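In the block that follows, a single chain appears as structure tokens, in the form predicted alone.
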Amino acid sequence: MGADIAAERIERLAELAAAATDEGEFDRSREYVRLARRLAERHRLSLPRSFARSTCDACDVYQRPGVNVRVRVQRGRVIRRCDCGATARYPYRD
């Protein structure tokens, strides 16, 4: 499988993970995220930033604000707190 095909598949897995989270099927979402990460590692690709920041590094679930993650903005950074207890912080600019 070529790198371009792998990138397309990663995008498709991101869409499937988001849809599974919307339906409340977090285990299925977790599997899609793990497949996408493994595929990116195998083909030496980086995950799209929006996808990487929408997934929990600890439990691999796709995050939806108000569903399974709490999002706060404080002092120039975004703080995402997952249901598993993991916290991620990202810089934020206006």
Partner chain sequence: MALTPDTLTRHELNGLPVRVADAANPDLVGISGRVVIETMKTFHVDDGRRVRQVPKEGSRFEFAIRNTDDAARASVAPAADEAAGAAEASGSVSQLGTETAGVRPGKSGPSAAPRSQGRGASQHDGDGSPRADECEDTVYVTVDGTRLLSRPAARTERGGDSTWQSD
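Small disclaimer: the values here were computed from a predicted structure and weren't measured. Positions refer to the first chain, counted from 1.
Omitted here: the form predicted in complex with the partner chain. The next part is about that form.
Student: Do all of Asp57, Cys59 and Arg80 end up near the partner chain in the predicted complex, with near meaning a heavy atom within 4.5 Å?
Tutor: Negative, none of the three is within 4.5 Å.
Student: Just checking whether Arg72 would be counted as a contact of the partner chain in the predicted complex - the rule being heavy atoms within 4.5 angstroms.
Tutor: Close contact is absent here: in the predicted complex, Arg72 is far from the partner chain, nothing within 4.5 Å, heavy atoms only.
Student: Using a 4.5 angstroms cut-off on non-hydrogen atoms, would Leu16 count as touching the partner chain in the predicted complex?
Tutor: Yes, contact at 4.5 Å.
Student: Spell out, yes or no, whether the shortest heavy atom distance between Arg49 and the partner chain in the predicted complex is within 4.5 Å.
Tutor: Taking the distances in the predicted complex, the answer for Arg49 is no, it never comes within 4.5 Å of the partner chain.
Student: Just to confirm, Ala6 within 4.5 Å of the partner chain in the predicted complex by heavy atoms?
Tutor: Yes, Ala6 is a contact residue.
Student: Check each residue of 32-62 against the partner chain in the predicted complex and list those with a heavy atom within 4.5 Å, in sequence order.
Tutor: In sequence order, Tyr32, Leu35, Arg38, Leu39, Arg42, His43 come within 4.5 Å of the partner.
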